[in-house]
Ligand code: 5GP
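What follows is one chain in structure tokens, specifically the form predicted alone.
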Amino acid sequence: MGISESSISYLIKLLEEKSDVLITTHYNPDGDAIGSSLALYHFLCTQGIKSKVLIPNELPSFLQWMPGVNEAAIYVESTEVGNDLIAKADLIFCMDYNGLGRVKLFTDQLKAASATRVLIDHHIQPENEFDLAFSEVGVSSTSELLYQIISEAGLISTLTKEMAECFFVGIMTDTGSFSFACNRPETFVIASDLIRTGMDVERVHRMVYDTYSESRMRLLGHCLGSNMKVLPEFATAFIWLTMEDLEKYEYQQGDTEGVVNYALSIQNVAVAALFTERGDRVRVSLRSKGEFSVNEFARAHFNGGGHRNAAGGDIFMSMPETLAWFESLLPSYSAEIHKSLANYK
């Protein structure tokens, strides 16, 4: 795990030997998933290495402007093309996910592939499914980790403006515009290096955060005004969205991105959750302040996981059952949550 001289050497050797390179990322891709994948795509182009990015499902609209995104293949739009890319690849990069199950739609195809699999990721507890793993939980994002790998390989001089924009989106979105997971000085050194390429930081920020549709803003208003419950006795708040809510506000992929953080931003709230109804299941997004691990909480109760302070999962219950189940769990964690809040202050 991590970045070692031997792992860098092995990666360089793989790139020299392999000809069909595929870059994959996780289901419901976020800014870091797309940013790191496209940054790697552009980097490989500078090395004269042809590659293809395969994304499981649709991108959020606020990421569709990114350089190189139109060259990517979307699996749900053409499963035949996606399966062919996996079957022909002799080197597959697994970006921003710690287990093959995270891609969901083509997990079995990845497991059956004869290609060498390289993990580049910053989530905890990676699965033992990769031939080479760069796994660093201490970095802000997979994008930052990829930058460090390229730098350690002595190839960062190939940094282009297009690469910089992709790296920056990944780092910016996974730190909430540098508001969390960014206490490493290296994160800001890298950001300054990216800016030196001539990228327009204000434009990049605007393209990601200032492109909300009216329906998305009204959905957010509905979340905060009608569908949020605060439980002071457990220092917890949660928001829920039913299928009816999503239809009413013309939900598009990515419209709920960041909504859970509004609940977490409430004073004296240390744990926040967003419950979104998805057909036969409820999708759960969890956030926390301080030492309380929502990763462990998600693993224990919601078939999921992630980071200590940001995790997610799924539960196969109705929305009312899910909310009741969540509230029933809180008394057992109350002391731990309040301790985390006290130490966080």
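When you see a residue number, it is the position in the sequence shown, counting from 1. Note that this is a predicted model, so its numbers are computed, not measured.
Note that the form predicted together with guanosine-5'-monophosphate isn't included here; everything after this is about it.
Trainee: Would Arg216 show up as a contact with guanosine-5'-monophosphate in the model of the complex if we use heavy atoms at 4.5 Å?
Mentor: Judged by the heavy-atom cut-off of 4.5 Å, Arg216 is well away from guanosine-5'-monophosphate in the model of the complex.
Trainee: If you check in the model of the complex, is Pro56 within 4.5 Å of guanosine-5'-monophosphate, heavy atoms only?
Mentor: No.
Trainee: Hey, in the model of the complex, is Ser288 touching guanosine-5'-monophosphate, heavy atoms inside 4.5 Å?
Mentor: Taking the distances in the model of the complex, the answer for Ser288 is no, it never comes within 4.5 Å of guanosine-5'-monophosphate.
Trainee: Does any heavy atom of Ala310 come within 4.5 Å of a heavy atom of guanosine-5'-monophosphate in the model of the complex?
Mentor: Heavy-atom contact with guanosine-5'-monophosphate at 4.5 Å: present for Ala310.
Trainee: Within 4.5 Å of guanosine-5'-monophosphate in the model of the complex, do we find a heavy atom from each of His42, Pro67 and Arg203?
Mentor: Spot residues vs guanosine-5'-monophosphate: no contact at all.
Trainee: Only one of 42-50, 298-306, 57-65, 315-323 gets a heavy atom within 4.5 Å of guanosine-5'-monophosphate in the model of the complex; which is it?
Mentor: One stretch meets the cut-off, namely 298-306.
Trainee: For a quick check, can you give me the residues of 94-129 that have a heavy atom within 4.5 Å of guanosine-5'-monophosphate in the model of the complex?
Mentor: Residues within 4.5 Å: Asn98, Arg102, His123.
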